[in-house]
Ligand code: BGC
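In the form predicted on its own, a lone chain appears below as structure tokens.
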């Protein structure tokens, strides 16, 4: 009898603690990396919005190390977070960590990159196929029409499911032109870990293998585009070859104004990060945000929410990236 009476205060304390947690949820944010400007912006916007909604955010960055990121997520689980938001370095390698979260009954939201073969609650991202279509479409519209065009394709990290979706989008546009013989892909490769130096290596290999006669380099993001452009600079070809990108990084926007990079795909990160914070707080407090789409990750059809993307070049840079306050005009000079 005494034991039962003694347990009542403990149960009340636990209930009060759980209620407080739902009122002021703790969100675990596990990031692949903070080396790129893009992810620093996501972190800052996400954290600010979550705090505005009364939540606390614990941020971990894995420096593109799968083992470290799994440890990060397990650490966040042990700290009793109410919801996990994960940007995986490798969407396949995170499966084990997500299963640990499932066992602890902690909801998981995949942010920007899909986590494969496990049960996650939501997937929030930009429409990555549309990103690839924007890149492929921009290049296709500006390639020579009087002869077979020669292009190089530099894909993203092979461990990132998004990279495959960017390629899918590019293929939607470029595939029929390649098949009909209007485009010749003279070299293509995947840039490990999205590193600019790997973009440079692929571009160097393309020039060595196929020569300097190149019409376009369809690159999946701005970081690797920067590496490819460095290789073109060394060959005296920068500004003569169309180069695509993605993320509207400051350096990429500067290159667009200088004429060494042709376009980037602007993803209004503030919109996605703000949405992700709101969804995370809703999920932590037991609500179910509406999702207009689903994506199959190999285990379930994951409720998914997509944000729109914008193709940006020298013509509309001011009306998009600068007008949104993503970059300041003076910083682009």
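Positions refer to the first chain, counted from 1. Quantities reported herein were computed from a predicted structural model and do not represent experimental measurements.
Just so you know, the form predicted together with ligand BGC exists too; it's not on screen, but the next bit is about it.
- Though ligand BGC is absent from this view, in the model of the complex it lies within 4.5 Å of a heavy atom of just one residue from 260, 90, 162, 170, which is 162.
- Scanning 65, 282, 36, 44 against ligand BGC in the model of the complex with a 4.5 Å heavy atom cut-off leaves one residue, 36.
- The stretch from 154 to 162, 203 to 211, 174 to 182, 135 to 143 that comes within 4.5 Å of ligand BGC in the model of the complex, counting heavy atoms only, is 154 to 162.
- Contact annotation for residue 246: at least one heavy atom lies within 4.5 Å of ligand BGC in the model of the complex.
- In the model of the complex, residue 255 stays away from ligand BGC, with no heavy atom inside 4.5 Å.
- In the model of the complex, none of the heavy atoms of residue 150 sits within 4.5 Å of a heavy atom of ligand BGC.
- In the model of the complex, no heavy atom of residue 130 sits within 4.5 Å of ligand BGC.
- Residues from 202 to 226 that approach ligand BGC in the model of the complex with a non-hydrogen atom within 4.5 Å are limited to 221.
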